[in-house]
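Have a look below at one chain only, the form predicted alone, in structure tokens format.
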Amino acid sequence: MARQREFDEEKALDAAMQLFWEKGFEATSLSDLTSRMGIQRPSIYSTFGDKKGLFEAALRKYTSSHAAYVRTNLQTNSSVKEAFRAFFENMVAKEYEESPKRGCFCINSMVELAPHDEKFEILTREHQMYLSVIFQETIERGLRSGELDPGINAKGLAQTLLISLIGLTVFMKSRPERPFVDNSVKEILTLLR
């Protein structure tokens, strides 16, 4: 008869996600994970396979909740321009106010692992492509309502905004002065004409 798990898997996974988000894959040890998750190594192995399996599960949990967060944030404002403005400005404000400064777990993982691990290259790219679709749907809503210039290429603009977001998120790791970032966001948003 199989033993029942003696821990809350979702709670443990959330703890692992937070730790990987703070430290990255390579800098997080199994001892760090067992301590933060409140479980022993055999429980990690039996539930997630290994450290990489646990990391993948944590990243999938993050990308699922992050996509829902992005979609909700872009749909809450009837104005598409205001929705993107609030989205970008909130992302910047959060990065300057949050401690520790973690950035985006998916982008951090893309930078750390995608260049040499095909699984994470695909997983992080898929999330970015999904965000691009969310951006495109939001832009198309602005085109239908007449808020945005009918000459806008919704797909191209969505991809450009996404690449701008990724670049901005990576750049903010170097702690640039706030006016530099605010001016950049202001210019990025001019694309929504």
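Predicted model, so just to flag it, every value in this text is computed and none were measured. The first residue of the shown sequence is 1; numbering continues from there.
The same protein also exists as the form predicted in complex with a further copy of the same chain; that form is not shown, yet it is the one meant from here on.
This chain appears without its partner; in the model of the complex, the one residue of Val70, Ala57, Leu162, Leu30 with a heavy atom within 4.5 Å of a further copy of the same chain is Leu162.
Looking at Ile166, you'd find a heavy atom of it within 4.5 angstroms of a further copy of the same chain in the model of the complex. Within this chain, Glu121 lines the site of a further copy of the same chain in the model of the complex, having a heavy atom no more than 4.5 Å away. Shown alone here, Lys101 lies within 4.5 Å of a further copy of the same chain in the model of the complex, counting heavy atoms only. Although the partner is absent here, Glu22 sits close enough that one of its heavy atoms falls within 4.5 Å of a further copy of the same chain in the model of the complex. Between 62-70, 35-43, 49-57, 121-129, the stretch whose residues reach within 4.5 angstroms of a further copy of the same chain in the model of the complex through a non-hydrogen atom is 121-129. Contact residues in stretch 92-125 (any heavy atom within 4.5 Å of a further copy of the same chain, taken in the model of the complex) are Pro100, Lys101, Ile107, Asn108, Met110, Val111, Ala114, Pro115, His116, Glu121, Thr124, Arg125.
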